[in-house]
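Take a look at this single chain, the form predicted on its own, given in structure tokens.
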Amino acid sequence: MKRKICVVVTARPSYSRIKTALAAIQDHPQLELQLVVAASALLDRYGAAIEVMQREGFVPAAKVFNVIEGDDLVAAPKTTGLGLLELTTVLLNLKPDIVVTVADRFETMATAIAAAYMNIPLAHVQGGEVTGNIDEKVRHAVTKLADYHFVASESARERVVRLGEEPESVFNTGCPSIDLAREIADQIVNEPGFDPYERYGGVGARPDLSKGYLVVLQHPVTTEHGQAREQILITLRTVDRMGLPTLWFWPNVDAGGDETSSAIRGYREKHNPAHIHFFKNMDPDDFLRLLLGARCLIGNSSVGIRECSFLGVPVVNLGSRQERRDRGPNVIDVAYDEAQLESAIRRWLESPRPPRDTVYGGGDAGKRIADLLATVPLRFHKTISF
């Protein structure tokens, strides 16, 4: 009898973090995939990640609409609480053998609490990492609720063990997002006929990308609430002043997200920069293709730390959001300062591309996770190991 594996995806970036594991679970002869799509992954304003999942062959077993709108610190706990209520019913109906929760977004707390209280074994992907955001608390809290830990690096494995988890329950599988990066790195950067403007629309100018371009992906930092507008304006002014072709992507749904979005929208309408195009979302594979061809990624997304490290894409990482996360030689860290930011961008533009780094694995994480889910002993009781 196949094990039923319930994977809960709550946001656009979470899908790219788990996509290859979903495929490996779906193809595994001993596993049955139960995909639950929730929160911002269902909403058009954040890219409607569910449409991408369905196009790529993943059929949701359930949907959970639980996002409470609001650009403040109240929306996240309310969204989490509503998610807990709804996911409890979903898990009751699906009766999975193992629940899988992804990474460290605040919505993952609902998945972890529901599974733990319902005596369903819980597997956590990407625990043990360190950052400078509210994700830090969420990640370590989910670690303590989880029964199995599929971490992305050796240092992450060591941290999870130091948190008191039994070593035999902690597996360094690497990061599934590196699997996608490896596939893209083995392909032609831009497939014939791939035009991001035609395929994904977006708004703003359509600069010529043939001689190189920048990519910007900057999210609000929940522990720096009230600063999002000025932080994004620093990036906008700097990139606009440099005058290089730029593809700019919309932020995540976090406290400060509306502030960030409105600042981007207001700046675009007022200044109408002739070299910047703005996108809401993009399929993970196409996004990685664009990154691979970019001269530099600017912002504070973990994609700059993970996938870009493997791809050897230069990154200027802004602020504290990725503070202390393991990284390769492709990252220059700067504060929210226009002079520092422009200097770092120009440094990468004048330097050779950095070498690839495999700190987050070599590209086989999805299969390793599926094989472990098929074989680990089913358990939901645990104690501190020291």
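Throughout, we count residues from 1 along the sequence that is shown. A quick note: this is a predicted structure, and the numbers were derived from the prediction, not measured.
Another form exists, predicted in complex with another copy of the chain; not displayed. Remarks below refer to it.
- Using heavy atoms and a 4.5 Å cut-off, decide whether 200, 208 and 312 all contact another copy of the chain in the predicted bound form. The answer is no: none of the three residues contacts the partner (heavy atom, 4.5 Å cut-off).
- Does residue 269 reach another copy of the chain in the predicted bound form if we count a contact as any heavy atom within 4.5 Å? Result yes; residue 269 sits at the interface with another copy of the chain in the predicted bound form.
- Message: Within 4.5 Å, heavy atoms only: does residue 169 come near another copy of the chain in the predicted bound form?
- Response: No, residue 169 sits far enough from another copy of the chain in the predicted bound form that none of its heavy atoms falls within 4.5 Å.
- Looking in the predicted bound form, any heavy atom of residue 114 within 4.5 Å of another copy of the chain? Contact with another copy of the chain, yes.
- Query: Is residue 27 close to another copy of the chain in the predicted bound form, meaning a heavy atom pair under 4.5 Å apart or at it?
  - Reply: Judged by the heavy-atom cut-off of 4.5 Å, residue 27 is well away from another copy of the chain in the predicted bound form.
- Query: Which one of these stretches, 40-48, 325-333, 353-361, 339-347, sits within 4.5 Å of another copy of the chain in the predicted bound form when only heavy atoms are counted?
  - Reply: Only one stretch qualifies here: 40-48.
- Just give me the single entry in 136, 285, 154, 97 that has a non-hydrogen atom within 4.5 angstroms of another copy of the chain in the predicted bound form. The residue from 136, 285, 154, 97 that makes the contact is 136.
- Query: If you check 109, 264, 217, 290 against another copy of the chain in the predicted bound form, which one has a heavy atom within 4.5 Å?
  - Reply: Flagged contact: 109.
- May I ask you to list the residues of 142-164 that have any heavy atom within 4.5 angstroms of another copy of the chain in the predicted bound form, in sequence order? The stretch 142-164, when checked against another copy of the chain in the predicted bound form, contributes 144, 145, 147, 159, 162, 163 at the 4.5 Å heavy-atom cut-off.
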